[in-house]
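Only one chain is given next, in structure tokens, and it is the form predicted alone.
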Amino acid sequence: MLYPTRKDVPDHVPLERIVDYDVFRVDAPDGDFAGAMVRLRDSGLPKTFWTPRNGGHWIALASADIIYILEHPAVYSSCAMRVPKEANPQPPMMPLMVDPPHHVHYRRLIAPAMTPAAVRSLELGARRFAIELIDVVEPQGRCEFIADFAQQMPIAVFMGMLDLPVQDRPQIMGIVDRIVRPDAPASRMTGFAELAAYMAVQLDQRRAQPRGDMLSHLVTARINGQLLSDAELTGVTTVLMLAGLDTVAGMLSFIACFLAGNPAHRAQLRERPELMVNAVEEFLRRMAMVNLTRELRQDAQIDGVTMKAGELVVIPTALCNFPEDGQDWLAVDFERPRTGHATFGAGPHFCIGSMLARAEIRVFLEEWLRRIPEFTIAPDAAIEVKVGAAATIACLPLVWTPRLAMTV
């Protein structure tokens, strides 16, 4: 993987820090993205290196460096959220792509939708919809988990939050799929444009006839006395539709893949429901799959190398969850003592939707295992992990024996 040439590499990058590595490709035929990232870290590569792929950028693998970068936004800006730079959405997604002190103004706009009371209400809707989805596929004895469940449940939750028409779900599913699983880079940008156009219509409707929903709150909200511009509204609503979607859908894909191959863990959750809260936290730690990107505002040093202003650094946050202390952190242990993890990030951009994400994962585990307690991956399935800002299993065919067949 070493790339000992100066082609397309800045002069200040040491030759021994150049590695031919593509962050959008991962060697994980077993569907274990986090495990693949740990193997990368432990492979002997420099803990900080430069890759000429995707426009050229740095990658930091040491957990202490990753946390440091997240906690110092004045140096490591969120104005870019993925590589290469031209792949970042415009207008920027807010508050994800805004730095302090302005960041907090947009975060406060979203906060009312993420209070404990609001999340409890959203959880009720998520549970109803999860049951509906499972009841549709259970009699069939098979499903493609990503399209039939993992993507649909989070979309329904956020559509409910924004009071979007239920009949628009297929349209939104198509748009979101182009963004989350594009067949080409241009498809992703087309998806962003389509989502912005769709949300613009909804926002115009709320301006004309405000309701008690989140979109009505946004069109009447003010920052420093000023209503939000169209660009700001597009940025905030894009975050609401997407920020919790690809991460939750990706997390569900890795959890379902693991449970399909580990009947003892399924049985443990069914037999000991008191472990459910711990299990959610353990899955969050173990199945972390976000690659964050930061842009340097000024020259800085990490791991003995100089990064220049304007350069990008990719930080796989999953690596913060696997200390190099001799413990088997790759094992999934529902009785593991609670430990801190970086799955929701760190610093000022710590995920505001963490409580909702926990609720959605718990709802999935409770309702799926209650209705489909035994399931496996289809024998002919080829598991492929796709990596963007968040990783996901692209297609996960699951099979089981329907309850009706078991009673005949």
Ligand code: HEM
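The structure displayed is predicted, hence computed values, not measured ones. Note that residue numbering begins at 1 and tracks the sequence as displayed.
A second form of this protein, the form predicted in complex with the ligand, is not displayed here; the remarks below concern that form.
**Q** For this chain shown on its own, do Ile110, Val248 and Arg294 all sit within 4.5 Å of the ligand in the model of the complex, going by heavy atoms?
**A** Yes, the whole trio is in contact, each within 4.5 Å by some heavy atom.
**Q** Could you tell me if His103 has a non-hydrogen atom within 4.5 Å of the ligand in the model of the complex?
**A** Looking in the model of the complex, residue contacts with the ligand include His103, since a heavy atom lies within 4.5 Å.
**Q** Would you check, heavy atoms only and a 4.5 Å threshold, whether Pro316 touches the ligand in the model of the complex?
**A** Taking the distances in the model of the complex, the answer for Pro316 is no, it never comes within 4.5 Å of the ligand.
**Q** Taking the shortest heavy atom distance, is Cys143 within 4.5 Å of the ligand in the model of the complex?
**A** Looking in the model of the complex, residue contacts with the ligand do not include Cys143, since no heavy atom lies within 4.5 Å.
**Q** Would you check, heavy atoms only and a 4.5 Å threshold, whether Ala126 touches the ligand in the model of the complex?
**A** It does not: once the ligand is placed as it appears in the model of the complex, Ala126 has no heavy atom within 4.5 Å of it.
**Q** State the residue from Ala196, Leu284, Ile175, Val305 whose non-hydrogen atoms include one within 4.5 Å of the ligand in the model of the complex.
**A** None of the other options qualify; the answer is Leu284.
**Q** Going by heavy atom distances of 4.5 angstroms or less, which of Leu162, Cys320, Val280, Ala243 would be at the interface with the ligand in the model of the complex?
**A** Exactly one listed residue reaches within 4.5 Å, namely Ala243.
**Q** Heavy atoms within 4.5 Å of the ligand in the model of the complex: which of the stretches 25-33, 372-380, 51-59, 357-365 has them?
**A** One stretch meets the cut-off, namely 357-365.
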